[in-house]
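Take a look at this one chain, the form predicted on its own, written out in structure tokens.
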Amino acid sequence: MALMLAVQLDKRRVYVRDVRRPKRPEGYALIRLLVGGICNTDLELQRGYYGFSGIPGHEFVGEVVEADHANLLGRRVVGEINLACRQCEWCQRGLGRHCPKRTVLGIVRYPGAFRELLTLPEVNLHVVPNSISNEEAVFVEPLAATCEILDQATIPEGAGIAVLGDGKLGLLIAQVLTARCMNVHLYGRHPNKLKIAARAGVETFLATKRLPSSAYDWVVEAAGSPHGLSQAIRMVRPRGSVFMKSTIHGTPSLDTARVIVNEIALIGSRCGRFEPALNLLRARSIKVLDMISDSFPLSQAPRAFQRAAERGILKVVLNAG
């Protein structure tokens, strides 16, 4: 029986163990992990989000070792994380990300990417251009989630937009919106993180005092804290829009009266298309390498998760080698 190394989350504990090498179903590719990225969702899964137990990981770049289509063999790929049924009404409308029967890589009923070998449907895969390094490509999934904002609303060029939170996702959002010629104000609590955004041309503000009230038509909440949504709602003007990006274990407090009286639109925003993300990386419009705080081999995943949870740390990556 062929075994391989995999990361396991169980009862808030992170450990590594040997598991069976996965079998490749028809229409799927077998992928060797090159680099995986630990994100806030993985940390929330460790804390109990979704009652998760299993192999985590959904940000990855890998090399195809087996596939039905020969043109994929040996290619570096990234993969969309939702495995849809491709038959239901939602899938027929091109909304497989909302398929009621879907599984989700490393999150919902499908083992994740933090293992030496993984499988995904070939239709989920996107070939990584040679000009994009593994360390850059591991940001494609969160960068696609960032670009989803632009698919959900028509935000005018030059519009003032606040981004709340200077974590990994907040930094990506601020850079993407700035690259699209919007007047972005990034609010955060970590000067070293804000400097990364400032180098990319983003106007930054240290959120140590009371945040502005009713100051923006558009606000993106990416604070990753239970209070972030309430803060974002206070910052938006009447009839403005708040994009909700944080996934938090637990139930955040919400001032529904303010939302109703001010007719504020709350827009849940999750996964996005990979093509815009790859295009941004190919064009060098987004700086991501400054966001990598540390790197660990897959065998040291417990240390990597511990490091990723430290205050002030951005992206921690796992390397298969």
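Throughout, we count residues from 1 along the sequence that is shown. If you're wondering where the values come from, they're calculated on a predicted model, not measured in any experiment.
Below: the form predicted in complex with another copy of the chain, not depicted.
- When another copy of the chain is considered in the model of the complex, Met244 lines it closely, a heavy atom lying within 4.5 Å.
- Tyr110 falls outside the set of residues with a heavy atom inside 4.5 Å of another copy of the chain in the model of the complex.
- Though the partner is left out of this view, Ala257 does reach within 4.5 Å of another copy of the chain in the model of the complex, counting heavy atoms only.
- Taking the partner from the other structure, another copy of the chain in the model of the complex has no heavy atom within 4.5 Å of any heavy atom of Gly27.
- With another copy of the chain omitted here, the record of contacts in the model of the complex names 89 to 97 of 132 to 140, 89 to 97, 69 to 77, 201 to 209, defined by a heavy atom within 4.5 Å.
- For the three residues Glu148, Arg237 and Ser253, a heavy atom within 4.5 Å of another copy of the chain turns up in the model of the complex in every case.
- Checked against another copy of the chain in the model of the complex, the candidates Ile55, Leu266, Leu34, Ile286 yield a single residue with a heavy atom inside 4.5 Å, and that residue is Leu266.
- Just one of Arg102, His185, Arg189, His126 comes within 4.5 Å of another copy of the chain in the model of the complex, counting any heavy atom, and that one is Arg102.
- Taking another copy of the chain as positioned in the model of the complex, the residues of 28 to 53 that bring a heavy atom within 4.5 Å of it are, in sequence order, Tyr49, Tyr50.
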